[in-house]
Ligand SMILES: CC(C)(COP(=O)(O)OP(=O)(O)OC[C@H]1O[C@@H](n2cnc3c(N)ncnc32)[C@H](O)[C@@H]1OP(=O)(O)O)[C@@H](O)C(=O)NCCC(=O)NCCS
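Here's a solo chain for you in C-alpha cells, the form predicted alone.
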Amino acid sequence: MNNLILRPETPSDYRAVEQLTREAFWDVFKPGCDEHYLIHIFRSHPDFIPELSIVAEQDGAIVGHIAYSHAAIVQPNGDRWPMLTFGPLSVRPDCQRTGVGSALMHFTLPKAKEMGASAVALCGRPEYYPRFGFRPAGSYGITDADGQSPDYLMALELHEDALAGISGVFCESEAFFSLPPDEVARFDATFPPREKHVLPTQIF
C-alpha cells in the first residue's frame, strides 16, 4: 500500500484508534462490538506493551492498528512460560485486503523478537495467519482452557525451537475478559449511534 507509515501509537491517536477499531469490528463477531472498549481499558493494564502498539497511517489518517500484550503457557506443573499475543488487529473497512494488516504484522513481529519475545500465540482466523508463519497450536502441545486445540488457536516461534518441550494451556491477559456489557454500552454511547445487526457469520 503506497504512502503507508507505521509508527508507535501516541496519546493523540487514542480516540482515532478506538474509532477505527469500532469500525473494523462492528457486527463482525457479534452484534456491535467491544474491541474498541478493550483498547480503551487495555492501555492502562500492566499486560499491555506500549512499544508494540503500532498504527498504520496514510495521508494523515490512521487506517490500521495492532496491539500486543503479555501472555503465557501454563504448563502441567503450574509453571507459567511467558510469551506474547496480539489483538485486536484493526484495519479500516475500506482499506482491508490492501496490505495494511500484513504490513503491521511484518513490522511488529521482528520488533517483538528484538524486544526479547520467544513466541507469539493468538486466537484468530486460521485462513489468514499461517502466511506469517503461525502454525496450529496443537502441533506444539498448546491448548485452550478446555484442553482443546481449535483451528483458530495458533502459535509462532520467534526463535528456532522456542516452544520445544513447552506444552500447556494458552492464557491471555485477564483484560480480554474484563468487558462488562454495561460498561461497554456506556463507552460505545460516546461514539456516533450505529445500528447493531445479527448476522449468520457471527460466532457469538
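Remember, predicted model here, so these are calculated numbers, not experimental data. Residue numbers here begin at 1 and follow the sequence given.
From this point on, the text means the form predicted together with the named molecule, which you will not see here.
Q | Listed range touching the named molecule, judged in the model of the complex by heavy atoms within 4.5 Å, from 170-178, 53-61, 22-30, 141-149 | A | Single hit among the candidates: 22-30.
(Q) Under a 4.5 angstroms heavy atom criterion, identify the one residue in Ala112, Ala121, Val100, Ile73 near the named molecule in the model of the complex. (A) Exactly one residue meets the criterion: Val100.
**Q.** the named molecule contact in the model of the complex: Tyr129, any heavy atom under 4.5 Å
**A.** Yes - in the model of the complex, heavy atoms of Tyr129 and the named molecule come within 4.5 Å of each other.
Q: May I ask you to state whether Val91 is within 4.5 Å of the named molecule in the model of the complex, using heavy atom distances?
A: Yes, Val91 is a contact residue.
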